[in-house]
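Single chain ahead, written as structure tokens, the form predicted alone.
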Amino acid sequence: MNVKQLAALSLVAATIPLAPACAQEATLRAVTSFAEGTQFSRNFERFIERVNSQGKGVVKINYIGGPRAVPPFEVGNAVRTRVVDIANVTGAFYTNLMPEADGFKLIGKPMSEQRKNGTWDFINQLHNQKLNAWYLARQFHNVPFHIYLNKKIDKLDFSGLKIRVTPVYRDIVQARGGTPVTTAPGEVYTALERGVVDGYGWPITGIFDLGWEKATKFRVEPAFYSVEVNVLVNLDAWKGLNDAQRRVLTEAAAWLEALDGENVAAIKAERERQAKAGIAALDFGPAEAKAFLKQADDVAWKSVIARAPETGPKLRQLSGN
């Protein structure tokens, strides 16, 4: 985050303080790491509306905005240091603070199951310790990723290709011969236009929100990993709330996670829309798909455990894969 952005947010923080727990209504400052109104911000925005409706007079969320307020890769630190109180952010954007976050994509179980089998407890402890945050919710557990290209390949090999990545895809892109290029989502279209990259990793949904379909010709099969977009609350802010205020947020978080039921129809519609837009699926058959998925899991867990040797194995055990 540059000095001007930090100063601006600090001013916001000073002028809209979190109310004490004993006050009538607490106000939380919120940001999203994705562009406002796009696929991976919309449900968070619905969550904010629900909190402000259901929690009127108890707790209120003041929505500051998206990447124009805080750059995506700075959101985790903004929560940690309480520049903001609550954020909608993927773990891929804060692996520098929590290397275990790169393993969240490998957990495709619904949150209802994760809360029962100890997974949520363990991940919440990691957030408490490393991010000074409360792990309020996870979204999109059933939305997979793809590699998208503007050049055709004849086999599942990315040799000679420059592919935009976040930590989500870096290891598998390298394992398959590609050159990873890290950029924020807002820079991807320009990178494609200028030939800086030949493709990018992204979920099955959301590319039309960003206009990327105009520079995309192919979607590589199979789908892999699982999207995770988390709602995090600064731990000091969370502890400063009273029981009624925390209850409003917790109930809204359960409602938010239940919205994942909408994703099945959304994914089907997205595949059809991509086909109509001229984005062709590159499918190399079941044997190649199986080998790709195994390698994707293997290299990802190897990377997580190498960077988090004490906690990575437990995360893998809880994930069941």
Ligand code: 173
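All figures in this text were calculated on a predicted structure; none of them were measured in a lab. Note that residue numbering begins at 1 and tracks the sequence as displayed.
Note that the form predicted in complex with the named molecule isn't included here; everything after this is about it.
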| property | result |
| --- | --- |
| F145 within 4.5 Å of the named molecule in the predicted complex, heavy atoms | yes |
| Residue contact check: T216 to the named molecule in the predicted complex, 4.5 Å heavy atom | no |
| Touches the named molecule in the predicted complex: F34 (any heavy atom, 4.5 Å) | yes |
| Contact flag, E228 vs the named molecule in the predicted complex, heavy atom cut 4.5 Å | yes |
| Per-stretch contact check against the named molecule in the predicted complex, the hit in 80-88, 155-163, 228-236, 112-120 (non-hydrogen atom, 4.5 angstroms) | 228-236 |
| Single option in Y63, F292, F47, F40 placed near the named molecule in the predicted complex, where near means a heavy atom within 4.5 Å | F40 |
| Listed residue (V168, V75, I207, A133) with a non-hydrogen atom within 4.5 angstroms of the named molecule in the predicted complex | V168 |
| Full three-residue contact with the named molecule in the predicted complex, heavy atom 4.5 Å, for I107, W301 and G312 | no |
| Contacts with the named molecule in the predicted complex, stretch 182-212 (heavy atom within 4.5 Å) | P185, G201, W202, P203 |
